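Just one chain follows, in the form predicted on its own, and it is written as structure tokens.
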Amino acid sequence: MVYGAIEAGGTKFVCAVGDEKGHIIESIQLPTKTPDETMPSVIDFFKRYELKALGIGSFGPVDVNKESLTYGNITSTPKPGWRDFPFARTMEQALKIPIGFNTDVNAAALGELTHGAAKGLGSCLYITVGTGIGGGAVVRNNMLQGLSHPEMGHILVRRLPSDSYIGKCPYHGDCLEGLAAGPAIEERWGKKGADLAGQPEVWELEAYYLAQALMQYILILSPEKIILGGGVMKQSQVFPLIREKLNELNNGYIALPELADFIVPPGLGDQAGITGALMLALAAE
């Protein structure tokens, strides 16, 4: 018997089958089109296996309140066709197995705590910086949620006075995501981040905004490890800049650990989300 896992992103779905130790047996990637186009292929993949349970880490916003009538739904996403989609219920009806459901970034945080960079700790924060910015947290070995799940990409940050860019977020304009996600980098500088590696002013500005966000997360959540993933963070030159600016912002207020060990890339690489989704399946069994 094996477990199923879905890491559902705004650009692609990763579907995998694995075991209780987080080992991936088989995985596929599918483009995120509309539910009518994407979900039949997702279901067909999992029907080839006798699964004990399925874990889903989904792009959001989603309803993670198990007492809610819309639990397991994608809610107010701007992604065409996915608003109010009953994700968990669709998979439960198709496969007739228990379903674990949470955000993609909470799943990634869980994966990193269980098998990655935060293994052996009781808390961690996972931030993805890519097409959007999202954050997930595990606190005392439990994924953080309450009224809803964390929406860490939409916090407000102080603008650099010389930055006249209006922001890309369709809801808030110049929130963190609107100023520092991949599409904002491309619109501000006229090229994708991967094509701007040799321009230090790009990454100084990126670090300026991300360090502010991390300072706020540290003050509120006090994580034992911060893991920065996503496409933008593949530009490894931004890590030391973030650490430097965070140190300046902290100004000795909190006794922080060695920042090179505290703010790190994912130990699981691109497998953090799908590994966490497998852990959601184990918990749902």
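So that there is no doubt, residue numbering starts at 1 and follows the sequence shown. Worth saying up front: this structure is predicted, and the values here are computed from it rather than measured.
One more form of this protein, predicted together with a further copy of the same chain, exists but is not displayed; see below.
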query: Site test, Val139, Pro150 and Leu156 vs a further copy of the same chain in the predicted bound form, non-hydrogen atom cutoff 4.5 Å; finding: yes
query: Stretch in contact, per heavy atom within 4.5 angstroms of a further copy of the same chain in the predicted bound form, of 112 to 120, 184 to 192, 210 to 218, 83 to 91; finding: 210 to 218
query: Residue among Pro257, Pro31, Pro40, Pro240 with a heavy atom within 4.5 Å of a further copy of the same chain in the predicted bound form; finding: Pro257
query: is_contact(Phe262, a further copy of the same chain) in the predicted bound form, heavy atom dist at most 4.5 Å; finding: yes
query: is_contact(Gln145, a further copy of the same chain) in the predicted bound form, heavy atom dist at most 4.5 Å; finding: yes
query: Heavy atom of Asn247 within 4.5 Å of a further copy of the same chain in the predicted bound form; finding: no
query: Contact test in the predicted bound form: Asp63 vs a further copy of the same chain, heavy atoms, 4.5 Å; finding: no
